[in-house]
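Next comes just one chain, in structure tokens: the form predicted on its own.
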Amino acid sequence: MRTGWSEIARQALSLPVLVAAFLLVVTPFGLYLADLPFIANMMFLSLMYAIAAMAWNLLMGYTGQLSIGHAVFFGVGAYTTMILVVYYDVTPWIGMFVAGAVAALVGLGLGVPFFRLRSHWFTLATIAAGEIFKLVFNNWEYVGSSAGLQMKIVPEGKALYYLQYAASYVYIYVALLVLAIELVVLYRIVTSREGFYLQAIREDELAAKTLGINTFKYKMMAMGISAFFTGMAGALYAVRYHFVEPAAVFDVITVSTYIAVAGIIGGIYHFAGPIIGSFIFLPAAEYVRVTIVARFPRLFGLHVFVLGVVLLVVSLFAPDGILGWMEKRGYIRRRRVIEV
């Protein structure tokens, strides 16, 4: 198994990756020139959830720990960035990485008691943590309680420092930068010895312990890294929309469940699965929410219904996700160097 930087470079310079990278770089500016803000915002959301879903998949797809509470890290990251900007005048360029670090610390703190739990009890604990954080922030005056926090509008000359732009396509490039960093880090992890240990824990934790693997240590490592990048996704949310509130960033459906569904739809046993899932699921959900629910308020929550339908169809016809289905049909071939 090759794990060096030369292998990462070889994969990055492959024709499909180069074509995808070119399209991702050119498309945002093209959307701006064509004056398509809705599609630009949809692309940003797809990238934001792709970042969070990739992070979630390190914990679930590679380590076998099902979390439905990643809204905790997403919300902590969003609030950390907002607090640094509003109260301490710290640029979001720094705040995003601080947000990831704070979210990682929260993840490690939760991991200590949570990893004593097994199976569905771990999953239930993550859901409970999300609701607890939502309740705490909803009543914490320092962070604006239920009203949340909002960034002040700054002069045009300070737009770069505060990352405030009228054009939404700018934030797509910021999200692309974060996703690129994440892909390099996660690729390096899953193709290393540590990645092999994580997969061993997923397949049979008792057997992994018998072989001398410190399962608690590696599960904590996965939790910390997963929380870090999910926190950065939350920071991107705060930077893009200049406003955070507990109901939005700690929501179990539109954050935790969306992240998990994006990973499952794409294929949790494929490295790029969560990215594919995000770009399939998020546009569909957003289209329904904006074009149908907004026009017919009585259909409020229809986008969540779409979530259920999409998940049902995938579970019936492609239980291993889109990439898993394509692999079984022979359309793609699994490269073990980067996939489980």
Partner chain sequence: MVSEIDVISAIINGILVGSIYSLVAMGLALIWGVMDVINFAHGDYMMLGGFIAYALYLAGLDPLVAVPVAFGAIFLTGVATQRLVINPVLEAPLVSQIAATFALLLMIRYGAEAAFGPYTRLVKVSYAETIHLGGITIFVPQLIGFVFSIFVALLLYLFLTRTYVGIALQATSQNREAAQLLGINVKRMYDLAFGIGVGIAAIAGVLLTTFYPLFPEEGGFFTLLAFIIVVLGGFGSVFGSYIGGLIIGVVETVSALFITPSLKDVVAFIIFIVMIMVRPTGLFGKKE
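Predicted model only: the values in this text are computed from it and were never measured. Positions refer to the first chain, counted from 1.
Although not depicted, the form predicted together with the partner chain is the subject of the following passage.
For the options L177, I127, V185, L160, the one in contact with the partner chain in the model of the complex, meaning a heavy atom within 4.5 Å, is I127. None of L135, I94, L108, I181 but one reaches within 4.5 angstroms of the partner chain in the model of the complex through a heavy atom, and that residue is L135. From the list 221-229, 119-127, 83-91, 96-104, the contact stretch for the partner chain in the model of the complex under a 4.5 Å heavy atom rule is 119-127.
Among residues of the shown chain, F305 is one whose heavy atoms approach the partner chain to within 4.5 Å in the model of the complex. At least one heavy atom of I68 is located within 4.5 Å of the partner chain in the model of the complex. Not displayed here, the partner chain is kept clear of G330 by more than 4.5 Å at the level of heavy atoms in the model of the complex.
Although the partner is absent here, L311 is a contact residue: one of its heavy atoms lies within 4.5 angstroms of the partner chain in the model of the complex. Shown without its partner, the chain has P113, F114 in segment 88-115 as residues with a non-hydrogen atom within 4.5 angstroms of the partner chain in the model of the complex.
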